[in-house]
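Take a look at this single chain in structure tokens; it is the form predicted on its own.
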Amino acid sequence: MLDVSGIRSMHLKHFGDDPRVFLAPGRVNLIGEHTDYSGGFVMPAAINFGTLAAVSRRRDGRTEIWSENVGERAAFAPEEMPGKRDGRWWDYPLGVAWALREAGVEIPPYSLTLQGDVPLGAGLSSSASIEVATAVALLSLSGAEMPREQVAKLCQRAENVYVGASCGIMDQFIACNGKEDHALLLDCRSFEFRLAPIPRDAGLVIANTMVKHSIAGGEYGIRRREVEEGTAILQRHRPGIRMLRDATPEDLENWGAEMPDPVLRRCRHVITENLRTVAAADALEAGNLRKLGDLMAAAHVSYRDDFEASCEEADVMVEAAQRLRGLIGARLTGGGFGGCTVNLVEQRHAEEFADGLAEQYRARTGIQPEIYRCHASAGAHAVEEPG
């Protein structure tokens, strides 16, 4: 659990200065998988796991960062600042500082303390949480004002260019713009978004299957190429299709026969997933949780059968959820081939749901899962000690 007074004390201990403290959340994607790189729609929610960043100005010209999670300090004189990744944990905060300076923000010498509780390896975006927490802390120190959309883009640039990791905009965007008790429908092409309320009596139960199949990396690239191949076929017939998000189910009916079967099914997933994601936001706004649950179920079937990005363990987890009291909707979330399922659950049944899900999954697979109960939370912000 994150502790504001604790990180302030850590910072004082390591650097001798009283800091300002900022928080940026992790996230879970409720619906909308593999739609981002075709300019489509996603609907994540920020969660109450995140990263705290405590920051203060230095007077010796150096940059020093303490990671409480790693238990290690990184210290650099101005002439020692790496211009690219070192392959170490400090790549993420240093990459953000690099991206801000590239954008013209003058950052004074600083001390930074980082502490996070986003579960690592669970696909809940610990990296974007670190990036955005660092960004808002350094912007505060520099006195610069920046729209949250631009903050998200610069953090994405830090990860893409400085760290060298491929990622879309969703993780950084929701970390910047999340709102308590809301999901966020994001148009990944225009960056327009709208917030959709999650009822306070509905909670999130995230279930880590504890597996990540080794084919995931290579299969991701294959899926992208298949989507691009299908898009090119549709564009020959309808030039108005700039990206696959512009295509309709009718387009597939008209010209899908020209595609190899796997390509047709990948495109069908993306096209129908975009429709489901927008419909899911509409269902939340209308308070129609039954409809939302049906859309999440259909999304999992499409991800499993058309996109072929699920796996046996994830399917077992989703199937087990259907038998438990309080479920609103369940599906595999994230890049696929393992990882976590997201379950929207009636809050009054959340504890017994989490226990029952772990028990059923363990009985079926022999694997002890990690279960995280959480709720939709606010995006990046300054935090103060309670009282």
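So that there is no doubt, residue numbering starts at 1 and follows the sequence shown. Note that the structure is predicted; figures quoted are calculated from it, not measured.
What follows is about the form predicted together with a small molecule, which we do not show.
- Against the small molecule in the predicted bound form, the set 70, 119 and 124 is in full contact: each member has a heavy atom within 4.5 Å.
- A residue is said to contact a partner when one of its heavy atoms sits within 4.5 Å of a partner heavy atom; residue 313 fails this definition for the small molecule in the predicted bound form, lying far away.
- The closest non-hydrogen atom of residue 76 lies beyond 4.5 Å of the small molecule in the predicted bound form.
- Interface residue remark: residue 173 is not counted as part of the site for the small molecule in the predicted bound form, having no heavy atom within 4.5 Å.
- The small molecule is not drawn, but in the predicted bound form it has no heavy atom within 4.5 Å of residue 267.
- A heavy atom within 4.5 Å of the small molecule in the predicted bound form is found for exactly one of 255, 220, 89, 193: 89.
- Proximity to the small molecule in the predicted bound form, defined as a heavy atom within 4.5 Å, holds among 130, 136, 271, 152 only for 130.
- Look at 240-248, 111-119, 278-286, 176-184: in the predicted bound form, residues with non-hydrogen atoms within 4.5 angstroms of the small molecule sit in 111-119.
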